[in-house]
Every structure is written in structure tokens, then in C-alpha cells.
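Quick heads-up: it's one chain on its own, the form predicted alone, in C-alpha cells.
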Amino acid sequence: MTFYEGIITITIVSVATMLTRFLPFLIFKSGKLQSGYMNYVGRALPPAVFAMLVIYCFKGMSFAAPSGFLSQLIATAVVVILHLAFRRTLLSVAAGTAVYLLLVNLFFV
């Protein structure tokens, strides 16, 4: 890829990314009354995305050896406990990720 092709590619990707980020705010202005369906989607979509992520994380779990499932279960327990205690999604997910990475890299090699 030449220099100019790279610049064109970066420009197109940047514009497409910005368009997908800003377009919903332009279409659904905060002053307008939204439909019941859009309010439902706004409430239901975040938990559905997290449910899909949980299913995706556990779909390849192997019970053949403790190293295949124990680190995932411990990290999941950390996420659940922290979320129930503090109700902070970022704290729960970040701590669960850190615990999982520590377990996988230090204990279940």
C-alpha cells in the first residue's frame, strides 16, 4: 500500500467510525419524544450484550483439567461479588479481567 492509499484508507475508516458514533445523536435528539420501542431497546440492550459476552466467554470452557475452567469460574465469582457489593460495572469487569489474567499467567500455566 502506498502512502496515499494509506491516507485514503485511514480517512475513510475515520469518517465511517465517526458517522456510526454521531449519527444516533443526530437522529434521536434529546428534546424529541421517543417511541416506546426505542425506550425498550435502550433498557434491554445493555444487559443483553453482557449476557452474550458471558455466553461467549464460557462456550469454549473445558472441564478436562482444572486449568481449563477454574480460572474462569474464580474470575466470574469476583465479578459477581464485586458487582453485588458496589454496583460499579467498570470496577467489576476490570477486576475480573485482572484476576483472570493473573490466574492464567501465574497459577494455571
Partner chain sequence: MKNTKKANKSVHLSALKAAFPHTVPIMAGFLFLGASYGVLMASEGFSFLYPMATSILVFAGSMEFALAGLLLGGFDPLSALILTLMINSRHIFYGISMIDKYKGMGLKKIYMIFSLCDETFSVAYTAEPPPTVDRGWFTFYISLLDHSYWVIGATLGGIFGSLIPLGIVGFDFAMTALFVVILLEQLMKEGNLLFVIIGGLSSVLALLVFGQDSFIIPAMLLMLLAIVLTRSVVDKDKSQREEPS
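Definition used throughout: the rigid core is the maximal C-alpha set that superposes within 1.5 Å between two forms. Fair warning: this is a prediction, and the values are worked out from it, not measured in the lab. Positions refer to the first chain, counted from 1.
Unshown form predicted in complex with its partner chain; subsequent notes refer to it.
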Is residue 66 close enough to touch its partner chain in the predicted bound form, meaning at least one heavy atom pair within 4.5 Å?
no
Could you list which residues of 1-18 come within 4.5 Å of its partner chain in the predicted bound form, counting heavy atoms only?
1, 3, 5, 6, 8, 9, 10, 12, 13, 14, 16, 17, 18
Superpose on the rigid core, then tell me if the C-alpha of residue 66 is displaced by 2 angstroms or more between the shown form and the other one.
no
